[in-house]
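In the structure tokens that follow, the same protein chain appears in two forms, which are kept apart as structure 1 and structure 2.
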Structure 1
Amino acid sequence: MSDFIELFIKQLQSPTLGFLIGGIVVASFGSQLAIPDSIYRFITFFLLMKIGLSAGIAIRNSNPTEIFLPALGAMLVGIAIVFIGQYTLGRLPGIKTTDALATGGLFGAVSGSTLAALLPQLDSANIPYEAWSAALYPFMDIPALVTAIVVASVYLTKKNGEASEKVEIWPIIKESLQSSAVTAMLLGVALGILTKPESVYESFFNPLFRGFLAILMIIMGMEAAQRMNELRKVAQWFAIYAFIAPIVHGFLAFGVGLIIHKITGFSIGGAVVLAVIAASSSDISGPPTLRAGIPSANPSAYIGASTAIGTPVAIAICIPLFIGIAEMMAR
């Protein structure tokens, strides 16, 4: 519990949540600060291209024959987490479905910092894992975000008066996949796989990424301040979900990893990697993608739940939990 509290305080000081809170504060005091929409659109495109490029490079550098079944498992788990969010959090009193889907998408996406915290601990515990297992993250991250955006589009279409008519699902899916957010991300993935963009990635996209993300968090914070009344009555549900969900998602993914272990010999350490990336929630790829893809969702709800509570739970509770289970199974 002391580790959790320490990480909780640390996450409140993290750049992602810190700049979001900064935007909320300046907007709450009536500041006239405004960031032009054209700059916002460029920043969003830049961030999503970088996310796609990093995922594509990771996929290209992995072993396609060994990674196929674990990657499929990661994809299915990421999609399942979105629907878990929709049908649990989304059914609680006062929770908007779009907020539940955005939260599910963020928890289905992956935190690179949580993954980075896991791997040294696996090494210290002498638990073997596949060298390419870290490359599983885009297979869970991108399907979860795309699923959240597509399902939200279907829901909003039905809600906005078409419920009495037959709603064609494929045109909605097609429109979602052609949206600027998803297109930029998938373009980055394709370029990362089919070309060798490492030089431009390392010299341009990677150095500027966190600075642009900070600006986006200020924009989202200012928007969140305008919608704070929506959150006050239901904040406790997001807090409860953010504490329980990482553990549930982790066990779901660990079970999938064990099935793959029985079929292919996928290591127990690899199953732990799969469990922890499922337990994690994105503070990098998720916010800009969901802000562009589900603009009606309240960022203070899904980012606050993920960064303030979900990440400490994943690092302080889920990592030692699943490493401990792996050590017991190895005896």
Structure 2
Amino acid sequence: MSDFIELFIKQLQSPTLGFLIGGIVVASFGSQLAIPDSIYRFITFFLLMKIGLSAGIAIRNSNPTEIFLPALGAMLVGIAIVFIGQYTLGRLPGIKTTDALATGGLFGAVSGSTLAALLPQLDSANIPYEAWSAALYPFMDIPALVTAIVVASVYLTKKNGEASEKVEIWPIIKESLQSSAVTAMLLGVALGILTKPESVYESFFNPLFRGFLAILMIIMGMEAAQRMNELRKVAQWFAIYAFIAPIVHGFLAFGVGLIIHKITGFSIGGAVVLAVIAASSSDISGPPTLRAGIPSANPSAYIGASTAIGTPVAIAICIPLFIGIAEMMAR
């Protein structure tokens, strides 16, 4: 156990986390520091492109059937998280079912920034993982968003007792695929598979990755501090859910990853990737999709819960936690 605590504390000292906390601190003190929106957008594009490229290169050099079971596991976890949200958060006093579903959908969806924060830490800890495991992102992200929107719409139709418009699933999938985060990553995967981008990958994307990631962590920290104000206006249950849910979802997905590990030899590092993408909650593509898909849900509740608490918990607690567990298992 003391080994585990030692590993956990070592992870807490990672630069990623330091920059995140730095962002939270400066924003809490009302600093004028501002990083332009366009830079934020470029950095997320860059990071997801890099992750996509390395996943694509890995898929080109591996057996594509290996990804099948992990992708299925990611999908099931994404869907399960929405129902967990509905039947835990949604049952609490004073919580609207639609708000719970939207929050569950956002926590089931995946954060590109959390994924970007995880991968270099896995490298530093020398934990091997399938480089294509980052490509599991859309397999969890899209089913979670679709499930949340479809279940919310069925619920609203029943509650209002009228035959409302039928929910069309394809437009939700299309919108998720068209979102900037998923597009950047899938483009990277496609380029990695179809072309030979190794030269530009090694000379440009790989060396700059950690630096841009550090800047992104400052932005995420500042954003978390700002969204705190909105979270204060909604029920405290959202804050409690946002703290506990990433850890629970992470363990659920880690368990699924271990089962796949037993069946197919999927690596423990891969199970950590699966756990952390389950622990993460979407901050780029999920919110607009949910806002349009479940208009009656309160965005202050789900965005506040995700950005102010969910993402910092996923980065600060879940990443070190699951890396620590993987290191223990490797001993």
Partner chain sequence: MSQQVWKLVIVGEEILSKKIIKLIKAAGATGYTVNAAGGEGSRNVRSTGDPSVSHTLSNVKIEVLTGTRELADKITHDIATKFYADYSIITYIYQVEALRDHKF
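Keep in mind it's a predicted model, so treat the numbers as computed, not measured. We call the rigid core the largest set of C-alpha positions that still match within 1.5 Å between the two forms. Quick note, the numbers are simply positions in structure 1, starting from 1.
The form predicted in complex with its partner chain corresponds to structure 2, not structure 1. Superposition on the rigid core between structures 1 and 2 places the CA atom of C318 less than 2 Å from its counterpart. Put the two forms on the same core and the Cα of G30 is off by 2 Å or more between structures 1 and 2. Taking the rigid core as fixed, one finds a CA shift for M217 of 2 Å or more between structures 1 and 2. Relative to the superposed core, P64 moves its CA by 3.4 Å between structures 1 and 2.
Here the two forms are laid over each other by their core, and the C-alpha of E202 is off by 18.6 Å between structures 1 and 2.
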